[in-house]
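Okay, here we've got a single chain as structure tokens, the form predicted alone, with questions on binding and movement later.
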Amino acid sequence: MLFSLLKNEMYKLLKKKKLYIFMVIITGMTLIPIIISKFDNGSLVFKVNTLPLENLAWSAEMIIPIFISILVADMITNEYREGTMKLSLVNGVSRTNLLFSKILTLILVITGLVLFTMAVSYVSGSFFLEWGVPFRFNDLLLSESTGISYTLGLYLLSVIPLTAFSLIITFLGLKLESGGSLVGVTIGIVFIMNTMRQLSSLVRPFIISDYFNTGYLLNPSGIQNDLVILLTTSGLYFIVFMGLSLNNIIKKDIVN
């Protein structure tokens, strides 16, 4: 049953233009560092093998969180408002399975967009930039193959805090009555989180958006301690807002 619900959610998503529009936006954004590198008289020089990590910053911190809110608005808030969510429930689908299918869809889409950003970065960079061997990033020097492996790992790691963030938006999506309100609230939350990160080093480790751009993990001092903090913080957000979302959908008046 859960697999069927997941297929249905993915089918509905792939039929809409929003996903493809964001892929076009991501593709366009990957060209910005290339343009800067070509026309900034050499003050900023990007290389192909580090371009994906440069692009991970804006993608994970700006584009994907906004798309998460738009996706949740479609999948949850608007479906509830329009009455289409209850169609699954009256056909015998449990509320928990319905919620899990939507969360799994979010995870798949986030992973897809993250990997798409990396792939487009490599492809676009290959046409216009030098590869840059060896791999240099955050004062760290690695072989080319090791650098690419780390890049893939860091991209996949970014899915974890982004998924935890998506649970916050899912909870809000079950509370708010319009998709537009959800997107607006999400933009406000991202702005507040980023402001708090800049203003206070004390609260910064507790702000989930501080972990979206996992490029900071790649540094000469190693990633072990920072990785534990990332996983612990993301796990706490995930558990708390998963519980709140489950409690909300179980109590929510959907069928009537």
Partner chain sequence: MGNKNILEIKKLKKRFRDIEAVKNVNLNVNKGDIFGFLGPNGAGKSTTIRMILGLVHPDQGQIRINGFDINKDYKKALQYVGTMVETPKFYEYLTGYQNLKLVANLYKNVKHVDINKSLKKVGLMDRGKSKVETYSVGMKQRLGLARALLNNPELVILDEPTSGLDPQGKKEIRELIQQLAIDQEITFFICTHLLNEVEQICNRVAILQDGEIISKRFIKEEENKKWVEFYTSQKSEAEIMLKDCNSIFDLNISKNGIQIFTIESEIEKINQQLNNRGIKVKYIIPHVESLEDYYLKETGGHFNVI
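Note that the coordinates shown come from a computational prediction; the quantities given were computed from them, not determined experimentally. Positions refer to the first chain, counted from 1.
Omitted here: the form predicted together with the partner chain. The next part is about that form.
- Using a 4.5 angstroms threshold between heavy atoms, residue 91 counts as touching the partner chain in the predicted complex.
- Contact annotation for residue 87: at least one heavy atom lies within 4.5 Å of the partner chain in the predicted complex.
- Residue 20 falls outside the set of residues with a heavy atom inside 4.5 Å of the partner chain in the predicted complex.
- Across the options 74 to 82, 110 to 118, 143 to 151, 157 to 165, residues that bring heavy atoms within 4.5 Å of the partner chain in the predicted complex belong to 74 to 82.
- Heavy atoms closer than or equal to 4.5 Å to the partner chain in the predicted complex belong, across 1 to 36, to the residues 1, 4, 5, 7, 8, 11, 12, 15, 16, ordered by sequence position.
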